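One chain comes next, on its own, written as structure tokens: the form predicted on its own.
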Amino acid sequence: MTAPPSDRPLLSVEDLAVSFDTDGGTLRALDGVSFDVPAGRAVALVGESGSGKSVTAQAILRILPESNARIDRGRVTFAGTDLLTLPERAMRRVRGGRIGIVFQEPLSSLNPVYPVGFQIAEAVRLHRDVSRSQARARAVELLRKVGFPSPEERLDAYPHELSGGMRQRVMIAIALACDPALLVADEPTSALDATVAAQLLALLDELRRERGMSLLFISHDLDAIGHLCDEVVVLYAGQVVETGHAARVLDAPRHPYTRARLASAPPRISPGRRADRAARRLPTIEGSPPDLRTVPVGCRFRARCPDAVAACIDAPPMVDLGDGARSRCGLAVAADARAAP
């Protein structure tokens, strides 16, 4: 039996800042990103392309490109240990062992010259002191767990012989090989059709709950986030702009970017949504995200925000709005000031 979810953070990201050296100057991809992933819970990172979602995951796992990326400041604490200070040899035991990883495109993550069973078994043997036969038996067990019919017959299949959905199931099997405490899934269904994606998301949810794992789920799929995650962290231009319980953020967002992002997405199917929304033309967010090589002064969404106020000229802090909700917004700052005695 798995332990019940806890509010104690298994993973805590504090003031994380990451930059890249480019031909056009230093690009500040992350600037002061902070959030927690409690034990046994699922947390979503959401934001448009370039917001810093995947860079956050890469920084946590310490797989940023060595040629031009650097972590400028911050802490990444996992089960009480700061991952950013671990020697690489110790980090390799965490990565793939205590933290499982599922990437966006399995065909580029799997080795094309080895059978999938061999690759799962190698993931087991990398972190466990077991024989080859024991690792192969574990691979069969994992393939069965992630939904392979007759897994013994597919153990020696090569990645190109499997469908996209089956390849992603192999990636999930590899990620689960050593019973991780945390699973990091970076856009795991973006290359799949809707039906297969829904099946895989249901599988992830089932496995997470069954094993009591924590999940850091990176996705643009708001419908998936609503069904899969307990908490949501919204990123914009390298900063966290809103956090809170998933239902609250998705149904009553407090930051103008989150509201605009939700309004421009296809409607989520839920009892509280009017069916006729599907017939309406979806609005767009005017303008473009800022160039992170020249970080703008003040709120980074200000130039695109229809609700900008004078307070937005200054960089707003994250404001605690109660019930676990926080927002980085001048409007929230102004409202907080009016509410103060």
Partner chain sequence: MSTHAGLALRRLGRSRRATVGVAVLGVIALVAVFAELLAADSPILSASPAPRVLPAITATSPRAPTPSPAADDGACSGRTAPATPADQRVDAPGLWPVVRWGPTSRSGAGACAPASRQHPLGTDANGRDLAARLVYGARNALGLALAATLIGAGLGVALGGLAGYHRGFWNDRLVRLVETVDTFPAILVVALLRAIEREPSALSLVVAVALVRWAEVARLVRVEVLRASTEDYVLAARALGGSPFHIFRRHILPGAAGPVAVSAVFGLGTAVLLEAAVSFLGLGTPAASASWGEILAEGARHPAELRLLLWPGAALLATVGAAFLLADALRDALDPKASRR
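Positions refer to the first chain, counted from 1. On a predicted model such as this, the values are computed, not experimentally measured, just so you know.
Heads up, the form predicted in complex with its partner chain isn't pictured, but that's what we're talking about next.
In terms of contact with its partner chain in the predicted bound form, the residue from S150, T85, S131, N111 that brings a heavy atom within 4.5 Å is N111.
With the partner omitted from this view, the residue of E122, D72, E141, D230 that lies near its partner chain in the predicted bound form is E122 [heavy atom within 4.5 Å]. Exactly one of the stretches 99-107, 133-141, 77-85, 237-245 approaches its partner chain in the predicted bound form with heavy atoms within 4.5 Å, and it is 99-107. Looking at H127, you'd find a heavy atom of it within 4.5 angstroms of its partner chain in the predicted bound form. Heavy atoms of P115 reach within 4.5 Å of its partner chain in the predicted bound form, making it an interface residue. Under a 4.5 angstroms non-hydrogen atom cutoff, its partner chain in the predicted bound form lacks V295 among its neighbouring residues.
For the chain shown alone, A308 is not a contact residue for its partner chain in the predicted bound form, no non-hydrogen atom being within 4.5 angstroms. Annotation for 29-59: the only interface residue with its partner chain in the predicted bound form is Q58 [heavy atom within 4.5 Å].
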